[in-house]
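There is one chain below, alone, in C-alpha cells, taken in the form predicted alone.
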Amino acid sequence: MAAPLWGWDEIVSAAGGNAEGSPQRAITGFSIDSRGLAPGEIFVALKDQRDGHAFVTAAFERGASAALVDTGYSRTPADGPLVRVAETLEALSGIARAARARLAEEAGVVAVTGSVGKTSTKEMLRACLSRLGPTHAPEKSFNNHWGVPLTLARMPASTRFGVLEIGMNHAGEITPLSKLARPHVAVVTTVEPVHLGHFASVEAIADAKAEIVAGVEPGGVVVLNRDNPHFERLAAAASAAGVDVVSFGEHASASVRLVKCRLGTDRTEIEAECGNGRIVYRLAAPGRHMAQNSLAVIATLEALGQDFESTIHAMGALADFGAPAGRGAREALAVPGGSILLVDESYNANPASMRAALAALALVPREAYPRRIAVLGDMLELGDRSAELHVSLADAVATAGIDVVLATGPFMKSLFEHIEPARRGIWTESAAGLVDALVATVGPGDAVMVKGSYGSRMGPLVDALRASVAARAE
C-alpha cells in the first residue's frame, strides 16, 4: 500500500475549503481524470474543457479517497468525503504552494521551459537526479495552468529534487507558474518560431520565455542556450531580475561547452567541458538536439551545487535514456521479410523540432533500413507565416534523404507541393484519411518517422501502423 501523501486536515487547510466527512483510506495523490484515477487519490473537479463535477461520482466508484469540488456542487448518494472550495483550480494551486513550502531546505527545484526540448530535458533531469536522491517530476508534460499545480500537489514532502515543466501559448502565462514553483534553477532550452499565431515576433516569444525568472529563488540560477540568437535578450532579463546566468552550447564562451559529439544510429557519444573539468558520457538517444539538451542537464547539476564526481555519476544515467513516447521514441516492428523502424515523434511539431527529427532520421543506416519515409502533419499556431515555414522544410527533407513523404493537413500541403516529385507519396486533408495509404506504403526495410503538432492528430497514425503490423503477425 502506498504511503499517505497528505493528511486530511493539511489538505483542507491548504485548499482553503470546508470538509464534509473524512477519508477512510490514505490520501495517495491527486487526479483530474476519473478514468485514470488510482484508489486513494483525491479527485479534483476542474472546469476546463469539460466540467469535472460531472465525474465526481464516477471518481468515487473508482476508489477516490475524497473530491475537491466547488461550493455549489450537489452531492449524490454515492459520493464520499468532499472539500468544498470557492474555485477548484485556485484550491489546487493552494495545495501546490503548501507542497512547495513543505520541502526541506536542502531540496532543489528545477523548472524547464523553451520552445523545443522541454519534455526531453525534463526526463533527462529526472533520470540523472534520481541517481542523487528522491526525485519528483510529472509523468507527462503537465506544463500548463493546471499541470504545474497538479505536479506540485503530487510532490512528496521527502522530495530531494523536484523537476517541473512550464509551457505557454501566450505572454503572461509563465510568470504565475514560475512564482508557484519557486525554482532554484530555471532552464530555457531554446527560443524558436513557435506559437507565432499568438506573438508578433520571435523576440516576443523570447520575452515570454524569460518570464521564468520571475519565480526563481534568491541566489538562484537560470540556464540558457548560448547558441541561441536570443541569448543576450534572455540574459538581460535575468540580470534585471537579479538572477545569475549559466550557459550551455557549442559557443566558445558557454559555461558548459560541447567539445565532441559523435552521432550514431541509436546513441550519441558526447564530450563536454564544464566548470569542474571534462565529462565524457553516452546518451541512448540519437540527434544533435538531444546532445544539446544533455548539456543543459550538466549546467543544471552544477547550478544545484553538485560536485564533479556527483555530476559524472548522475550523467551516467543517460546511457540508458531513450527518447520519450511521442518525442522520438523508436521501436522495431517485426513483419514478414524483416522489420520496420518506427520513430514516434507524433506529440508535437514546430520548424525547429521538425528539422531535428528529419536530421535524426537521416542517421538511420540504409544497410539496416534502405528506405526513409516521413509522415508529416501540420505545424500549428504559426500564424501568418504558416505556409512559409512549412515550405522552408523542403531543404531539410532533401538533406535527410527522405525517399517518401506522406503528408496531411492544409499547411503541410504547401511543403508537399514544393518537394521533388519523386519524393511525393500522398497528401490528405486529415490524418484520418492517411491511415490506409500509410499501411499500404510501409513495408519491411522502411524507417518511418511520424511527426506533427498535437492538434494534427498524428498519434492515431502511429497506433494504426502498430495495429497493422500486429494483424500481419496473426
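In this text the structure is predicted, and so the values were computed from the model without any measurement. One rule holds for the numbers: they count along the sequence shown, beginning at 1.
What comes next is about the form predicted in complex with a small molecule, which does not appear here.
Exactly one residue in Tyr369, Tyr347, Tyr73, Tyr281 has a non-hydrogen atom within 4.5 Å of the small molecule in the predicted complex; which is it? It is Tyr347.
Of Thr268, Ser247, Thr119, Thr151, which one comes within 4.5 Å of the small molecule in the predicted complex, counting heavy atoms only? Going through each option in turn, the one that passes is Thr119.
Can any non-hydrogen atom of Ser115 be found within 4.5 angstroms of the small molecule in the predicted complex? It does: once the small molecule is placed as it appears in the predicted complex, Ser115 has a heavy atom within 4.5 Å of it.
Taking heavy atoms only, is Leu263 within 4.5 angstroms of the small molecule in the predicted complex? Taking the distances in the predicted complex, the answer for Leu263 is no, it never comes within 4.5 Å of the small molecule.
Even though the partner isn't displayed, in the predicted complex is Ser353 close enough to the small molecule, meaning a heavy atom within 4.5 Å? Judged by the heavy-atom cut-off of 4.5 Å, Ser353 is in contact with the small molecule in the predicted complex.
Does the small molecule come within 4.5 Å of any heavy atom of Glu211 in the predicted complex? Taking the distances in the predicted complex, the answer for Glu211 is no, it never comes within 4.5 Å of the small molecule.
Residues His289, Asn293 and Arg327 are flagged as a possible site; in the predicted complex, is every one of them within 4.5 Å of the small molecule by some non-hydrogen atom? Yes, because His289, Asn293 and Arg327 each have a heavy atom that approaches the small molecule to within 4.5 Å in the predicted complex.
Among 361-369, 300-308, 77-85, 139-147, which stretch has residues with heavy atoms no more than 4.5 Å from the small molecule in the predicted complex? Selected range: 139-147.
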